[in-house]
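Just one chain is shown here, as structure tokens, and it is the form predicted alone.
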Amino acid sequence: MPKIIISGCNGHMGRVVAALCEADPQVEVVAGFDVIGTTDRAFPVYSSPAQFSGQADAVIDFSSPAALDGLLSFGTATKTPLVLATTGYSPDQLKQIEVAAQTVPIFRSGNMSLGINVLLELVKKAAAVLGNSCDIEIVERHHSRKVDAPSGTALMIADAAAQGCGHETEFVFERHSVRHPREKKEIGISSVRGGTIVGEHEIIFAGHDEVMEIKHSAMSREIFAQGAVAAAKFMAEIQIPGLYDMSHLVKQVM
């Protein structure tokens, strides 16, 4: 049974992960990392990874980029695989992760939803077949509090479509400022912000007299926690250092 540590265990996503693990007989949470320190959790909580002296098979991190240094130090020192579900890393931090992955297995994804990552594979395949005959547009919808646009997931989808097309592509944002007919190489990305939408992503392949759409809707943030737990189970079996992502996990499923 994999022994899991939850980094950021006192945060919203950390608590969701803990609840999922508690209901899952296939995993055991042995500790938590959180700057707040000890709380009313059912497992010991440490304010710094350096304070933990036990053993674990994987760490799930839903904290913040500020916690990266401590996690990388812990992972490389103990050879414990890391599942980095936190977003917002700087270019320098992404380089740190690449360097650390040379000595310890690290799993990182911009979106931990298994469904989204299956969708990425489907988009690549659809673009390979339809990319020359269809125009590709992406529409993403999120809640009114989301500050960035387009979403990181929309950019992942656009990258997947570009890879599948096999020809030159160009991402186009804010089409209202464009005053010329759509070019074949364009992949359009549009953003909608409103209400409490957790996340919706729609990919449109518009061809001559036919339209195909692929869509994913997130009903709650629990799906991201589910993906992180699945990734932790996967990484608990990995001993070879390297940088892993959802594509490796999806290949096990598909």
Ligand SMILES: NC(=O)c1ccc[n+]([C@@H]2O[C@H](COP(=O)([O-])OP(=O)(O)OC[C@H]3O[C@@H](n4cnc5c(N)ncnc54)[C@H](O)[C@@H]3O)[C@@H](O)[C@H]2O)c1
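From 1 onward, residues are counted along the sequence shown. These numbers were taken from a predicted model, which means no experiment stands behind them.
Quick note: we don't show the form predicted in complex with this ligand, though the next part is all about it.
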Hey, of 26-34, 186-194, 200-208, 50-58, which bit sits against this ligand in the predicted bound form at 4.5 Å between non-hydrogen atoms?
26-34
Is this ligand in the predicted bound form near all of Pro2, Leu82 and Val104, within 4.5 Å of a heavy atom of each?
no
Mark Met13 yes when one of its heavy atoms lies within 4.5 Å of a heavy atom of this ligand in the predicted bound form, and no otherwise.
yes
Does Thr86 make contact with this ligand in the predicted bound form, using a 4.5 Å heavy atom cut-off?
yes
Is Pro150 close enough to touch this ligand in the predicted bound form, meaning at least one heavy atom pair within 4.5 Å?
no
Determine whether any heavy atom of Ile214 comes within 4.5 Å of a heavy atom of this ligand in the predicted bound form, and answer yes or no.
no
Pick out the residues of 47-85 whose heavy atoms come within 4.5 Å of this ligand in the predicted bound form.
Phe62, Ser63, Ser64, Ala66, Ala67, Ala85
